[in-house]
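Shown next as structure tokens: one chain only, the form predicted on its own.
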Amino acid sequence: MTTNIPIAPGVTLRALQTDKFKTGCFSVNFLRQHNEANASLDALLPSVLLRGTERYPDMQQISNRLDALYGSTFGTLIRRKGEVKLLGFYADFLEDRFTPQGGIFSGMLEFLEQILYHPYTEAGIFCEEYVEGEKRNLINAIEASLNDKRFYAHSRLVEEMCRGEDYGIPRLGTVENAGKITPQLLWEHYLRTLELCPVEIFYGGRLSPQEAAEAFRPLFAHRKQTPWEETHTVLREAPAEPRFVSESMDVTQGKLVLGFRTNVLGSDPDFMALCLLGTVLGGGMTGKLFVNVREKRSLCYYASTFYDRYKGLFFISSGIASENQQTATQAILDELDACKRGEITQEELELARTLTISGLRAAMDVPNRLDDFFIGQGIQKGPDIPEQIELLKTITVDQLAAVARKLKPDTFYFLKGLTE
């Protein structure tokens, strides 16, 4: 669906020409290995860059400029695909043909150039006020994750399951590392990012891929061929027996998260079968977990699945009464075992198939979801969305059973109340 064009050393444009929307969009993503040393620096850098530039030195002038561009939006991105970090910006703007004078897209590229290459500085480095302000915001965001116990439980499961792997490091880093960042340290990180990181650009709009390439090319004309930072994701086998981790916190509802290794990536033939299996198990009100564990046995308040195609990990998350931990865990595993034996009815299969295909079709109608998908394709190649839909139409119960048997239990995490 996209045309991929190298526009400078280490810079690839993924252009989707479409007249489906009245707005166009683009994202610019710098790729690097996600690790402890860089996590908080990566999370902080885009926010500081968006605080001010030489031409638009504060947030008020930045807001005024975007308002002048017919209310265009321009925001920061911190994404992780497996163990590859993507940091940068996403923009959404009215297409030129719907404005009297046009010039919106070129104005957004001028604004992007200011953000990337002409940040507001003091004494040759980032402004201390801006760095300290965004550090507080970052630390608050990290600490706020404690308030969302469902998110916290998943994060702790990943931390325990992937200890010693880059995937186990929080996406935004840690409060401790964020607190150590200085304007000088962040400035040096900024220069390294510009010089050493490969860049993936997504463009979605009415321009042809060639026209989009010509528009973005001048922004990266200074780039020189150099050894780019390498990125990779490591796959590991599950232990012979799963690990059990339990913690206590002031919660009224226990959070149970089961982690499995599949080593099935988005580029593998079993990819779509594993996606469909996730829907069969945890796809809303028609999934086995909802119907059998929640409704019939009243053992959980919710149950859902999540599959990370970039790391080959599969998760089952549920909210339960703490006294039901063992019973609920076994009930969930029983439903997975039923899938492994091929005990999936035709009705369950077709409901899951319909739900999964509907979700993919809906994604084709949302520009930022298209951006996320196609940027992900640059990290790990796989079937595009129409191909995924066609593959889903052919998947059988036997295929689901075979891929279910690839789920190897690794770590189970339980967050319980203080009185338990």
Partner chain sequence: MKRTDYPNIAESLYEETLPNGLRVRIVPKKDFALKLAFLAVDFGSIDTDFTQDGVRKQVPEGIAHYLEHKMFDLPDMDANARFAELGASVNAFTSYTMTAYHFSCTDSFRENLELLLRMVTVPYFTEESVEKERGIIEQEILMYEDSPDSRVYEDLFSILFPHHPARVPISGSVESISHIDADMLYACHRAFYTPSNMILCVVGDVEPQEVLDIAQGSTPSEALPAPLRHYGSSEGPGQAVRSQRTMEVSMPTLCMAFRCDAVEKGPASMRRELIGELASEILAGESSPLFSRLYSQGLIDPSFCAGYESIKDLCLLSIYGDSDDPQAVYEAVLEEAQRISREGFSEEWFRRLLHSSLGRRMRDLDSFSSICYRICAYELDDLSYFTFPQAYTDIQPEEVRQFLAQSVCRERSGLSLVHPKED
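Bear in mind that the values here come from a model prediction, so they are computed numbers and not experimental data. Between two forms, the rigid core is defined as the largest C-alpha subset superposing within 1.5 Å. Residue numbers count along the first chain shown, from 1.
Just so you know, the form predicted in complex with its partner chain exists too; it's not on screen, but the next bit is about it.
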Candidate spot Arg136, Lys149 and Glu295, all three in 4.5 Å heavy atom range of its partner chain in the model of the complex? yes
Check Lys408 for me: does it contact its partner chain in the model of the complex (non-hydrogen atoms, 4.5 angstroms)? no
Would Thr394 count as touching its partner chain in the model of the complex under a 4.5 Å heavy atom rule? no
Contact test in the model of the complex: Asp92 vs its partner chain, heavy atoms, 4.5 Å: yes
Report yes if any heavy atom of Tyr302 sits within 4.5 Å of a heavy atom of its partner chain in the model of the complex; otherwise report no. yes
None of Gln114, Ser72, Thr233, Thr329 but one has a heavy atom within 4.5 Å of its partner chain in the model of the complex; the exception is Ser72
Identify which of Glu129, Asp337, Glu247, Glu229 has a heavy atom within 4.5 Å of its partner chain in the model of the complex; exactly one of them does. Glu129
Any idea which of 183-191, 115-123, 270-278, 251-259 reaches within 4.5 Å of its partner chain in the model of the complex, heavy atoms considered? 251-259
In the model of the complex: members of 211-236 within 4.5 Å of its partner chain, any heavy atom: none
Cα of Asn140 displaced 2 Å or more between this form and the one not shown, core superposed? no
Taking 2 Å as the cut-off, check whether the CA of Ile357 shifts that much or more between this form and the one not shown after a rigid core fit. yes
Rigid core fit then Ser322 CA moved by 2 Å or more between this form and the one not shown: yes
